[in-house]
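Taken one at a time, structure 1 and structure 2 that follow are two forms of one protein chain, written as structure tokens.
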Structure 1
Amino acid sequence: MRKHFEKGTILFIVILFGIAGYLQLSIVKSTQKLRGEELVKTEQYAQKIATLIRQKTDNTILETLEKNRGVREDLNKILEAFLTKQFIYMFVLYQDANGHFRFLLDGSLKKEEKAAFKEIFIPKSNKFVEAYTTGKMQIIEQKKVGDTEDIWMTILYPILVDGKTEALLSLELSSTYANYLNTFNSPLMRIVHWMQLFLLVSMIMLIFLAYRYYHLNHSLTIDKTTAYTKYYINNFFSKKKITEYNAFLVDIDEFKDINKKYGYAFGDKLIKMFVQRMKNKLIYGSKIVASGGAEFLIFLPKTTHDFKTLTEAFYKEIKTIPYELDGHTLYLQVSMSALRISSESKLYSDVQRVLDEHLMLVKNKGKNHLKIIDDSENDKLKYGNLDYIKEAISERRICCLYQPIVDITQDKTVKYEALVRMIDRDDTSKIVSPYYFLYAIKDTSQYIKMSKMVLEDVFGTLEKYPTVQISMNLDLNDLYNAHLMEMIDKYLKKCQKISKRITFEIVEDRDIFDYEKVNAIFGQLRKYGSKVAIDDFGSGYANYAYLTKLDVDILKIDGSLIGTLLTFPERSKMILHSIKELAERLKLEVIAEFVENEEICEILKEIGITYAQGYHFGRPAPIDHYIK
């Protein structure tokens, strides 16, 4: 890379010098050409004026102007008319017998500036005499002199009659016109000279910058621990596929205690030894990235070696072998998580997130341990990828499965709960739980699209089966989403008969603070005959406060309470009895969730709970599986 950089720099300088030389030559030629063209135009301009003067005076300029004041005034006005932004003064002179120049015509616009006829004119250049005597046009380039500071150049054009100078036409060009011409002359040349100087300075600067570049690049890509930086790995995986690697996340436990006991200088040396030992143990092509503190993210190329064996050997090497430094012998406590990256992974940051989660679990359980993440965790990377979910929604691989809710006193299905699922792209027989994808699209437009598909499925099922009742889940964010609630309201209003057979189960993942607002939304849902249920009652956020502040129809008892019926039967029965009795007084239906077997079902009958749901009665399946 360095070699290419140096060659590129040299080539760049050479090209710039070539451009500068070419510009200099081009400017000289174009300026000469432009000046020549402008002088030709000016001479043609003067020639036209001289011709007009000769015509008006019948080639007897002095005699006619002396005798005919009217012609003189007309010609003065004509000269005034010829004045432009370029030619700011225009007058005609003649030389008397004594050799003095006198005014014949003056085209000045201001009366106070206009010279009188035959008023003497004192030239400040011998070019006047030269032009008069030789009969050839002369050019006077003037600098800032007295009242003529706005004049840049004077063109002296002899008016000839029979080859003899009868008068001298003076055209005075403005400094504005000079700026126009000089834009292509000396300023441009100065620019080229400055450019050449700039290139010389640039060459020196580029040499310096090349030196600084390598130091900066080193600091950006290599951490003080000698591991790579996040900047480096971001660039690396913009060109490489994450699926070609597996990953470790390694952290030295309580490294701050080592710094505190032995000092930061000792800690820096130790961590460099630690990184070097990891490098020695890892296969060729591995990348160690400093993730912060004493934590390192490692990507190692996939090989034919057994991942578990390789991981355990690496962990043993960095943890169990002592570190000898400055007369001290240390054994490090190291926490580590490892992941075999699936072919569906897209971003290294997603891989790091999964590794972080499991490393945190290791630390919470006492640290100093290795966690090889189960391959099922790759499902989080695959199905939690937003692009994958978008594709599933666009291809309508979102569906609803239905689980029966049973009246256990009559052994009769009374309702079905609609449960959203995603169909795997590569294996259509594989159904993906919302656990993997729902959180990823919360508060996005994709969530609204998915919700619309669920509503279409639910209302389509209700329309197809006139006797079926269905429950569907909404969470608090859904209730606060105006767009989604507007969509639900349209469905309920359009299908009012169907609306009486639908129940909205409110799933809570946080506290309700505005009960008045939530009750108003419940009223909107119940307006057309629908019911509202509180899901997961008795655990987490869904508590007894809901019964006093919210107007609902059904309580669904959380599965964690149902599950304790076999492990803590007496207390669990008492709690369920109290919920059931309270619900009866409030005229609420009660449904027990997660009923896994007949034993739990019999206990629920004993308690007096009428409705139940769980694998004992049926797993989530297409509605046609239950309704023949």
Structure 2
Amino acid sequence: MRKHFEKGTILFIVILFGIAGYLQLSIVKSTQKLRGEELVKTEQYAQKIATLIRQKTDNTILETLEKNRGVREDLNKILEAFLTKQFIYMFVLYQDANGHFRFLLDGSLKKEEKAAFKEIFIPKSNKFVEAYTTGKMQIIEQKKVGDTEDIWMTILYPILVDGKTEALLSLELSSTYANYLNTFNSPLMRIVHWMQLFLLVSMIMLIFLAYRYYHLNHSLTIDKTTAYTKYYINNFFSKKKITEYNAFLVDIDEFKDINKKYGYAFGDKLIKMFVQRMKNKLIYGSKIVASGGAEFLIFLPKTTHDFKTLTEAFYKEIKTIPYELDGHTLYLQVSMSALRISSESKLYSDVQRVLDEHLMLVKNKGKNHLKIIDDSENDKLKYGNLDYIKEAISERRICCLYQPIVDITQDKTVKYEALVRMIDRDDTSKIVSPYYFLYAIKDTSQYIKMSKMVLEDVFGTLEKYPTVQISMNLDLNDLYNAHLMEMIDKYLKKCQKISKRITFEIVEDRDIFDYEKVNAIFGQLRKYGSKVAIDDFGSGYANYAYLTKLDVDILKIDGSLIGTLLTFPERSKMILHSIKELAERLKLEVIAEFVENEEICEILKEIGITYAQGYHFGRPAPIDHYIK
């Protein structure tokens, strides 16, 4: 749309220029024609006057005029008579023995303008001499600015007697007359002038708009730190592929302290200096984007140079070399994360998210450090892309894998945990963990769609295998999601027999404040015989306090407590013992997660834990893998 407008505007202006040019040319031609006609007329006048002078003086011009004042006055009057608005001056000169021009006759009407007889005249043009010596008429086109601005043209007509110049008749056409002649072209000229004015105004406006656009664009694209703005980079990556770049996220640690200590003006100058140093060190085509405070997102074009070497050299340059400013020497502490962007990345905001996460890790581990992000993180970029997930859901590339939960006392699988997975678009053998994609769709409609697919899968499996029990995960937030809960309720109600074989494992990523409501939801889940388990018990938010307030059936001991059985066996056993005893008293089942080997399994048996889950018993796999 904008392009069409621009093209249209340019075409319109070009057409106007064309028309104005054509009209201007027509006027020039017409003016030349009028000028030619005037010259012919003037020459005819000059001939007549010259003949008259010759006749009146009997071909002895100088002699007669010197001697006979009466003839002089008569001829002056004749010249006066010829002075109309066409001619401004009309006079006759002769050249004395010294080569000076002197007046013989002057047709001026005003006394003060009238030159005296034989008064000296110093012409500005050499054409006077030329006309006199050659005996040929000369035309002087007078300048429009300067002494002779009121004269349009001077026609110098030599008065010859026996082939020799005796006097020089000067007829001077006035500028006023030229303007008068131009009025014949005036309608056309008026149009041209209006067009020229319009074009001029348009051009001025365009220049003004261009100037304003430049300033506005500059303020929108360049930050006060001299780095680019997010607006710029958004536009930039709407045209360029992010995959052609690698990225850094750089942050000056404790910059607030610098501002506090040296003042904001100093801080601003320092940050500009910092940006400048980054610019100097980065390869051509790099983009530094101010992403807030003293944090900068940098995109640098991919090169054949080793990314790690390049990144480390850059980090060293900006960090280890001191900054000299206003008599102060400062060593900056800088945290930085760097990512080699994979060919599958699409959004710059995703890149920023990954860099952000890793910069946060750097900061949490004491700041002032460089983290080059592992290439596998690119999977997060790829699979964390909302469009990619959306496509996977619509193509039903979402599935459940099942991991067995085993009664270790009888070495018998009693249940399977359904674990959601995504299948890679290009490589269907590649199964993607929810770690990469679940976070991206939380609180979106896609999450509900995915949950529905999981429920369909779980209920389908339960229907297909009537003896199988399955546990599935529910986030605490899911319980508050009315839409999702309604959907679960519908499934449970519809398949009440199946419902008895389902366990809902509740995962918490935050504290529970309204236990009553949660208990009510648990009640809703258990209405048709399903069980409720607390996942990751013994770590994070899933603690003992829950047991006092929540009505659950199963405790799933957090994997971290199982993992320490081999490294800190005594204490770990004690803790597991206490959980087991507590569960027994509360009449709860206990499941140990992350059981990776026989040794752990034996310890669990010793403690008296009945159920276990982990790679030792089987990895997540399609249900057919376990039930033949």
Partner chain sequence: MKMKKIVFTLLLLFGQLYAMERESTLKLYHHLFRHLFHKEVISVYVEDREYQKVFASSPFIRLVPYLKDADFVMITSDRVLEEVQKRKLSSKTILFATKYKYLEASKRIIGAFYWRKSRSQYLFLQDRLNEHNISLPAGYSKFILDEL
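C-alpha atoms forming the largest set that superposes within 1.5 Å between two forms make up the rigid core. Numbers given to residues start at 1 and step along the sequence of structure 1. Treat the numbers as computed from the prediction; the structure is a model and nothing was measured.
Which number belongs to the form predicted alone, 1 or 2? Pick structure 1 here.
With both forms fit on the core, has residue 528 moved 2 Å or more by CA between structure 1 and structure 2? After core superposition, the displacement of the residue 528 C-alpha between structure 1 and structure 2 stays below 2 Å, so no.
With a threshold of 2 Å on the C-alpha, tell me if residue 415 counts as moved between structure 1 and structure 2 once the core is superposed. Shift of 2 Å or more: no.
Taking the rigid core as reference, does residue 458 move its C-alpha 2 Å or further between structure 1 and structure 2? Shift of 2 Å or more: no.
In Å, how far apart are the CA positions of residue 248 between structure 1 and structure 2 with the rigid core superposed? On core superposition, this C-alpha lies 3.1 Å from its counterpart.
Can you give the CA shift of residue 367 between structure 1 and structure 2, in Å, with the two forms fit on their core? Spelling it out: core superposed, C-alpha of residue 367 shifted, distance 5.0 Å.
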